[in-house]
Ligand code: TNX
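One chain comes next, on its own, written as structure tokens: the form predicted on its own.
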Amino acid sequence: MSIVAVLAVALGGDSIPAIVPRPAHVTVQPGAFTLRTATVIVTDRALRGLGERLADDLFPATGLRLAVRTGAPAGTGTIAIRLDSSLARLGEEGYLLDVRPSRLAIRAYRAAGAFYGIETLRQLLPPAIFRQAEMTGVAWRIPAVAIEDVPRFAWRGVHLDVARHFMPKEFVKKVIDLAALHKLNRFHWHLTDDQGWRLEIKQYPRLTQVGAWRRETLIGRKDQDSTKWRFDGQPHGGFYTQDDVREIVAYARARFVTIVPEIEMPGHSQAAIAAYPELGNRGDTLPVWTAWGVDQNILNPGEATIQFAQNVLSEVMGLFPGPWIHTGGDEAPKAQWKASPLAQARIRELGLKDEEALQGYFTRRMDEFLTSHGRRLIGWDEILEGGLAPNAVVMSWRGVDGGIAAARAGHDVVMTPGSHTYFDHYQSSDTAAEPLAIGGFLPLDTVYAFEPVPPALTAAEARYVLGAQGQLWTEYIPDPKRAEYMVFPRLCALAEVLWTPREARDYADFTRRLATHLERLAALDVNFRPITN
């Protein structure tokens, strides 16, 4: 009998709390803790901010303005949030949550664990707790439980492409909030591509003056015959100022989410070349691209372009304090380099085998630069093809083979295969009933069945698998509501894959809990896809 089955018998089946992702260990106890006017939140000095945030979160729906006291004893009627040095076994993100009728306690080794304990606490309340107005007639009872919880993977992420379709700052914050609710801790922000450059760079103002705007957008999918392409005739664009970014980074940090910015190079760079034509290979003036797919225009491999890229990365590092900087590296066609005297001279000068090796050299230059500043380069699995940079982390999107190769070579890996983590794919085989998507079919149960550690890896190699993340590419996703529809509830399933012990995962149990969880998402104004088929 599985762990899930044993728990279901011990806890009476449906009495298991509807928490997503499912905690590692849950024991249901008799009774419940009730929020009252006299309830007090008590914290350590270090966790005062988390206590105040919990009070702020509870107030709108309950109408109860709970007092927060630092250093006070945790007596009857208190919610205690404490750091506990004896809980090192739970790591940075684990926590204990003990709910009894007379009191409630969250203990963790580090603040991140306490934060995740609070996120679980919020899900133990009725879904109406997520409303932003007082909800009358609701009993604010928290079922008595004992939870010991730690994540399975260190990297639990969600990716958002804002280059193809710009997404407003407030929506980016909403994605971060929803990531935190699901105990995800990485937000991969795809900021540049052929169709738009979305990040203000002070040294190169034309990147946003020119590169952030395209004159129109392709309607529907790209026909093989370009004479049949139709465009909407509507200019599209936008960018984030550096002050916007600082605000979003601080917002994410308060929710224990690390932002991983992506600046694409050398491919997917037509917006940059449109702003600064000298970065290209042919010297001609290009527009920001208005179609989808793989563009032939890539950065030239000259020293001036490498200096440009490093100057951009310097400003990026100044904005994003996290350890990882993503430099793309995917889908970089080499036709222009094969025809370029400059590129061919570089190959001869450096003694390289071919154009793939030249891209490997380009990536190693970025790796050395980032490493010298205490950061780590991360790139899509194409960075393997020209020889992997020494400190690089690989995102394996073309299946898991790239991740297997990287792990066997001693490199950290984030699994991102299109087969299980690409949320721009259709959610139903009845595509006529769904919004236009890029293609593919990724139903909820397939996401839930994903196993980030391939069986081909030994136990020693498997340690290099940091985790996984869900990708949302926005070629066919023009606005936040469509984005929400494509991401949820599939991201709920992936969150459970990444947090919950493999042996405790059960799809039937997940869908039962998901029914309640969708009420929470509805209260949060998330346009999730209904569970129909």
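Just count from 1 along the sequence shown to find any residue number. It should be emphasised that the depicted structure is a prediction, and the values quoted were computed from it without experimental measurement.
This next part talks about the form predicted in complex with this ligand, which is not shown.
- Of the heavy atoms in E315, none are within 4.5 Å of this ligand in the predicted complex.
- When contacts are judged by a 4.5 Å heavy atom cut-off, D424 counts as touching this ligand in the predicted complex.
- Among heavy atoms of I438, some come within 4.5 Å of this ligand in the predicted complex.
- Heavy atoms of Y116 never reach within 4.5 Å of this ligand in the predicted complex, leaving it off the interface.
- Residues with any non-hydrogen atom within 4.5 angstroms of this ligand in the predicted complex fall in just one of 329-337, 399-407, 118-126, 451-459: 329-337.
- A heavy atom within 4.5 Å of this ligand in the predicted complex is found for one listed residue only; from F187, W380, W289, Y240, this is W380.
- Put simply, of H268, H182, H420, R156 only one has a heavy atom within 4.5 Å of this ligand in the predicted complex, and it is H268.
- Along 453-492, a non-hydrogen atom within 4.5 Å of this ligand in the predicted complex is carried by W473, E475, in order along the sequence.
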